[in-house]
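Okay, so we've got the same protein chain twice, two forms, each given alone as structure tokens, structure 1 and structure 2.
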Structure 1
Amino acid sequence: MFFYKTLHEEILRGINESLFAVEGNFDVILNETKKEFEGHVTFVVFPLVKQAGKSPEVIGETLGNWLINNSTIVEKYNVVKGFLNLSLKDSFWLEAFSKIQQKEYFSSRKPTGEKVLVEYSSPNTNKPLHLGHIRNILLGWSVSKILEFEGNEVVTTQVINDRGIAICKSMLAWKKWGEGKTPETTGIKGDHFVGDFYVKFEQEFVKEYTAFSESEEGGKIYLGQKKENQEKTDFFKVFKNTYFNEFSPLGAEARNMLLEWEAGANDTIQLWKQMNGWVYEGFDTTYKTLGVSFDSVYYESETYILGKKVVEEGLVKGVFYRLPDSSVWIDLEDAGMDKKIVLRSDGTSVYITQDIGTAIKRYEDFGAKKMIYTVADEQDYHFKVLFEIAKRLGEPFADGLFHLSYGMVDLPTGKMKSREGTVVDADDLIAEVISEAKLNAGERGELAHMTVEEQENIFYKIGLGAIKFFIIKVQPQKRMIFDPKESVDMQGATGPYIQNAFVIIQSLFRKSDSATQNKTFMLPETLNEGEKTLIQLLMSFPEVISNAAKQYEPSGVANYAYTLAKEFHKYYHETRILSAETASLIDFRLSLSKEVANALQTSLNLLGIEMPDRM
């Protein structure tokens, strides 16, 4: 970090003059001092032990004393085992703050010339977006914004899974039991409307299965199958696919509909287009509510044939091999995986073939050598295989593929199940959290003077901020529980808590009658610890964003914003801002608050969260 350049140089000089002559490029690594210890910056001395021939404590004391006598920055020090904790002079923090005040400090970086494609959402058209999709969308969107902020050209995309047996189930259910109803005639949002028929199919399928198992003919098959699977406690799960594919009339109708779709039967294609259109309208409404969009959209109905040509070319190169039954495979055992089929014996593609074909198509469309796939961790193995195949094919983008893997999202009440209709729809969840935000605001009574429209706009920003922050603050790899009530807590690590810090700062400026926007005020000679802490956090902003971009990890930005908000809340309650002793001190503290607001707003903007002016 450029703020500590002088300190780096002084520590290196101190090592040379007080301990031993450094050979080569010695890397001076500084960390923020842990809260339980006194100091601002910590230098770890363990790497010096061997060359100095002294204990870590002696090295720390020797170097600390040298810095006290020779450094222009260090005010005092303490040694805790092998850690040299340094307290820096007020002049250092004031100079750093002057640099932070530069207009471009919280602005996006210069273009890098690198293009990155980020895929997220990628839903099925047989059901509405749900809580799991929300985590997917928010992760992908925030990563795209962070990468863009760091100067990359970002292309956002999704693949809509609009074909297959699951889609035919909802189509068949509407055809049999829909009675010609539409989203318009029922007032039900399009994706919810179609999703209800997917659930309806499952309900009717279970009824059919139950009747079959109780019949004389079905009972014999059922008992025979159950005897072979005695160890299975849930026999329905064991026998379900067999029943669907071999005995179920509904299963036969759904499979026949899929064959008609693949053959291009006009009636089936028209029904498919109509129902998908209803779903897309519903999706678009939810995306708009979440504040996300896409630069491009791919459809599985168009991409499922991609990759077959690639397989044929790979066969010539020896990347793939063909078995006597004409199926095509790749052997990945030397990479710690297994043998993977890439083309069935009948010549049809599998998902991995489709995905490699889609990746190549995207590269042709956009020229992005980096592609990020935001997909749940249940597909970890799939992407390992996909990326390894891309490498063996020698694709120019192979080394830039990344799976942004994330864990499932549960509710306090437990898991969600699509087919049983127990999934928490994204729209319902958003409405619930906004309602919680409204309830909290009503109890506080601070918006009573505003119009209904103004209040609703604030509730919307608070509710969406609560959802987004609560989800993004958790590292993607971790499974999480989303609690709507906890997400709007004004005292916890929540979006509303951070938004409130921003609102307080806006209130300070509204209440101030001095020329607080003036940057020519005189800086104070001394700072309190709260001011030093805030300046140090502001200093770390570029590094936080840079690390988030490198690691495709937005939770670091979320937790940085929370820490900054928490320290500001503490500073606000402990320090006189508008009633400080002098006008210059008021101006300084307001200016510091303004930079905190800038950092908070920029950070949350990268997470897709809007700031209200009042709460």
Structure 2
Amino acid sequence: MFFYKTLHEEILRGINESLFAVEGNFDVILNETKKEFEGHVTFVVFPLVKQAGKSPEVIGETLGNWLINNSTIVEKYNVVKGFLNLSLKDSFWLEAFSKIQQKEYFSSRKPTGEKVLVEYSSPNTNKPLHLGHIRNILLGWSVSKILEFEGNEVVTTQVINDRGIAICKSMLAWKKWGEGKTPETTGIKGDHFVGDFYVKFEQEFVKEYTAFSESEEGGKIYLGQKKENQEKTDFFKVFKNTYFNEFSPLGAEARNMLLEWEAGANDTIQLWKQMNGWVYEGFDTTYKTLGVSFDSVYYESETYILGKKVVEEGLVKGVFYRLPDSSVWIDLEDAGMDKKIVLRSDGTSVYITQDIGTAIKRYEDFGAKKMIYTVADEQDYHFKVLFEIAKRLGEPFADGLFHLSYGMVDLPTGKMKSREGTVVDADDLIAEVISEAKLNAGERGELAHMTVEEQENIFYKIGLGAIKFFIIKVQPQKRMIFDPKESVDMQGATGPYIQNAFVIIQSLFRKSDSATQNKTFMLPETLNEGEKTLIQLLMSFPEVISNAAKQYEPSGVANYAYTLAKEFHKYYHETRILSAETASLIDFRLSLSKEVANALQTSLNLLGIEMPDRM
């Protein structure tokens, strides 16, 4: 609120001189005046009532009067109940505007010297990315951009779950039914290709399981193990996992493959590398389309051993303890959590062990004392435990760990379920929203003169702007309902609405007389309310970004950009810009528009959204 520093001081002086002596540091809190009242800034006088010994109205009048006579900024005031509404002089707005025009205003802040690592995406390699990943990726990316803007040195990273039974299922299915096909020979994107074999495995497994449940052997098991009054279909719903592990030939083959992988069997490792390679190619395409990138990547197949050494050291320090069956634990009950296993009795590591190891490895690699994990809220407890363990191990980064938790994405029909085929695929969604942008643009005809390539680029920016804004405007901690129909909508509070405000401004500059552009203009003597509102919004830009950085929360930036775009649309409608009364007024309005465009573009860039020049 550095624009209001002088006003703060003046109000404080006013209280001292017209009401009573202020003791200590009294906090003058200013609010923006609500639209339905006259004024720009409101000072609430209720907190002064007791000390002043006067009614709120009298205090407001007294202070307002004092400001009229002594303030360099306040032009008018009015008092409504305990609210002192202040109208500020045009000179104040113009001075503020000249600060906004300085180059640094929309550039990233001076380096803080702080290094921050941001983890996001972190998928499994057995299926393509879906809507849930998109929310994760957009959040993580946006937070990394915002932190970077605030002067932090940011390292983006992910840890890929590239091992385990899931990928073995895909591998087995490909081996059995793949007929040597590849993404190249089929023209299917690599991650989808591998995902299709995962689905194929499940289909074959279900066939096998159905046959089993109808067989004589299955019948015996049902009769022998069923609970009282349990229907056969209900029993076999629950029994599926046990069947996979204890009876299924396919299950046995898949598990055998996992054992071979762990033993380092050559053929299996080759196949594993081959299939994961296809998946990574597919992921890379999607990441590229989404406009995100990673400075580093960790693989669970490499990091899962890392934690073990740490556990051994922690045992010596007494942070962990070993049970007779040789499993290793940590007792977090005094911190309000449970006991947690960190090494299995067979000496292998569990999920959290890897995470401890990975965190330490990352600290060795990058020396970032702040690490942010973008992971869905189903893992809230996991990260609470992880961070507590880091603390007890005395890791230097333990206090800088943050779980950027976000709610799951639901569909209007309910939860996304891969088994029921209701998962929204990332690539499909992106394609859909781009073609919707194309459809809309076709109706408008603004782009008719451009080459196909230029047009495609614009549809892409608009489509991605729509989807990204739609997801990022919702606060992370809230579960969100994703309506595919709404997400491709480009009217109202959407990415394209904001892009449109930007595009209109670009058009103004194209149409304005180039001789008058960027010339130093005479400041107009009077500003209209729309101009003051825009300047006031531009003034709050730094605060919006720094709040987003402090809270690791980009939704405020999205909402800010929308508010600003809305005010601009309104201003544009009410105020003539290119045909203003004087040349200098034209210049001023163009300059103001330009700063609005800067604010919109900078804000949306921090959300990973690009601006088209036309649409």
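Each form is matched to the other, and the largest set of C-alpha atoms that superpose within 1.5 Å is called the rigid core. As the structure is a computational prediction, the values presented were derived from the model and not from experiment. Residue numbering: structure 1 sequence, from 1.
S.K.: Decide which single structure shows the form predicted in complex with the RNA, answering 1 or 2.
M.R.: The form predicted in complex with the RNA is the one given as structure 2; the other form is structure 1.
S.K.: Core aligned, does the CA of Gln491 move at least 2 Å between the two structures?
M.R.: Gln491: C-alpha displaced by 2 Å or more between the two structures.
S.K.: Ala431: after superposing the rigid core, is there a C-alpha shift of 2 Å or more between the two structures?
M.R.: No.
S.K.: Once the core is aligned, does His573 move its Cα by at least 2 Å between the two structures?
M.R.: After core superposition, the C-alpha of His573 moves less than 2 Å between the two structures.
S.K.: Would you look up how far the C-alpha of Glu61 moves between the two structures when the rigid core is overlaid, in angstrom?
M.R.: C-alpha shift for Glu61: 4.2 Å.
S.K.: How much does the C-alpha of Pro47 shift between the two structures, in angstrom, given a rigid core superposition?
M.R.: Here Pro47 registers a C-alpha shift of 3.8 Å.
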